[in-house]
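Given as structure tokens, the chain that follows is alone and in the form predicted alone.
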């Protein structure tokens, strides 16, 4: 019987601090209950397929999209471990939505490959996943990989070790990721923000100070499981993101209609200029919000209910 392993790793969402992290301010992210999975079996040959990418890595061929996984294979092989495996990588995390699909896929693949060699450790999975992310994002922050490996809420500041907050989402709350369907480029959004910062540094520094204060207050709100405070801080943070120039009519419509329908808070999450809006609601108002945002007039692509993943990477022998 073949020895086989399945590893799964969660995606992530940014709660506070996007864009501000670029210039050294803190952010809060959490792992969410959408997963990338790698199912691998020891074999006499190497062949791994990504279902979502429609790509393959084998002994003699590597699709461009599979280079992050090929990097992991090379690193694991250099440690003296077996890398001849067959299997599949798949993900339910939306690609290109700022939810950490690539980091979760790399972490799941690294975890499965290490587990087949009885060499699994979170720290090693993190290192391998981070090296793979460099191929995708150049100089990644590491926070996506940290969320996938550790789970839960993560406090992140550039050039510092990300730390787990040990916080829980307040009871009787619902989290929604609302996809506006507007395509966006993280690079373009970051460039726009930095250009505005360069033109108005004295003004922008005060906005960045406010963003840092919001993150610290959000840490306290999470620790106290204060849903009202958390939602209000989300809406304040959204106002700061609008001031950076990354709001578009579609994201503004989702934010304002969510609040009108009873949301505790709503904000752009990720790069902005389209993409996702994060909505926090209590369990009573969430059906009304979902119905309202799903109406034809809103033209929302999809609404993704999210749970918080507190466990991180998972291994199962199959």
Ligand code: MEV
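Numbering follows the first chain given and starts at 1. What you see is a predicted model; the values in this text were computed from it and never measured.
The next section is about a form of this same protein that is not shown, the form predicted in complex with (R)-mevalonate (MEV).
Asker: Here the chain is shown alone; which of 306, 21, 298, 303 has a heavy atom within 4.5 Å of (R)-mevalonate (MEV) in the model of the complex?
Answerer: Flagged contact: 21.
Asker: Between 235, 186, 117, 164, only one gets a heavy atom within 4.5 angstroms of (R)-mevalonate (MEV) in the model of the complex; which residue is that?
Answerer: Selected residue: 186.
Asker: Among 62-70, 263-271, 42-50, 281-289, which stretch has residues whose heavy atoms lie within 4.5 Å of (R)-mevalonate (MEV) in the model of the complex?
Answerer: Stretch with heavy atoms near the partner: 263-271.
Asker: Please check if residue 190 has a heavy atom lying within 4.5 Å of any heavy atom of (R)-mevalonate (MEV) in the model of the complex.
Answerer: Although (R)-mevalonate (MEV) is absent here, residue 190 would touch it in the model of the complex, with heavy atoms inside 4.5 Å.
Asker: Judged by heavy atom distances of 4.5 Å or less, which residues of 297-318 approach (R)-mevalonate (MEV) in the model of the complex?
Answerer: Contacting residues: none.
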